[in-house]
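The chain that follows stands alone, in the form predicted on its own, written as structure tokens.
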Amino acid sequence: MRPIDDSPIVRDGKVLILAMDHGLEHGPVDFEPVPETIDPSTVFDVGTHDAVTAMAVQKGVAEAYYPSYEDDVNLLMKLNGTSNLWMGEPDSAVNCSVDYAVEECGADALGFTLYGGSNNEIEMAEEFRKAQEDARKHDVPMVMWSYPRGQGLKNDRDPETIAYAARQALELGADVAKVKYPGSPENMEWAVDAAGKVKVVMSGGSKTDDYAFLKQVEGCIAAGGKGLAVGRNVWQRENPREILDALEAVIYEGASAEEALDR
């Protein structure tokens, strides 16, 4: 990894990525709770909130919508991704090159999924190696979606598994590791320690109530985590800017969940 605190995707040492690669990964069903979000412009509008340091999208969405927001949103191009229609051992197709993401689309950072534990892990790690080295040539940060997954994995949220995922991000050269929250600040601290100098951010996951969600984020920050990569827990809400206001308080100001909700 390399220091990235001067990168556009970092604010005061912290990161808040608003992800909207769900249309590919999960399908249109994720947009049903708030139907307007099926239009990427609706989520890009949310992404202009000051708390958001980058928006993560796939190539097609970036091509079609980012030009209208390039002055207000930092682009994190997701380089790989696979539909939920795929039923095989976890894998992720490389859909965009680093050169195209940076030179043609203006990406400020790059994202890549690695399914550690999958039968396809070796191939995915080799694909990540090429993307990571190309990212260095363009001096843009690389974010790893480090998601242990596969038929041989019994529990993808086991604290040891999450710590291993964070360590993989360090060992393979990521600058930011996106991992599942392992259930407690103590377990999250293990993942943070395992990642060394890599910034560890928690995955937002499925939508939960405001307090439960913010309490997890609070735990992540208390454990030394550097922020959040979130989609549904923001844009599946009727007023996503309210939760972003609260996240801004927790992540950048060190507020508790209770304090953030009382503002």
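So that there is no doubt, residue numbering starts at 1 and follows the sequence shown. Please read all numbers here as calculations on a predicted model, not as lab measurements.
Here the subject shifts to the form predicted in complex with another copy of the chain, a form of this protein not shown in this document.
Could you tell me if P240 has a non-hydrogen atom within 4.5 Å of another copy of the chain in the predicted complex?
P240: no contact with another copy of the chain in the predicted complex.
Looking in the predicted complex, any heavy atom of G231 within 4.5 Å of another copy of the chain?
So G231 does not count as contacting another copy of the chain.
Would K59 sit within 4.5 Å of another copy of the chain in the predicted complex, counting heavy atoms only?
Within the cut-off, so yes.
Would G152 count as touching another copy of the chain in the predicted complex under a 4.5 Å heavy atom rule?
Output for G152 is yes: heavy atoms within 4.5 Å of another copy of the chain.
Which one, 47-55, 23-31, 207-215, 222-230, holds residues whose non-hydrogen atoms are within 4.5 Å of another copy of the chain in the predicted complex?
Heavy-atom contact with the partner occurs in 23-31.
Output the sequence-ordered list of residues from 114-128 with at least one heavy atom within 4.5 Å of another copy of the chain in the predicted complex.
Heavy-atom contacts to another copy of the chain in the predicted complex: G116, G117, S118, N119, E121, I122, A125, E126, E127.
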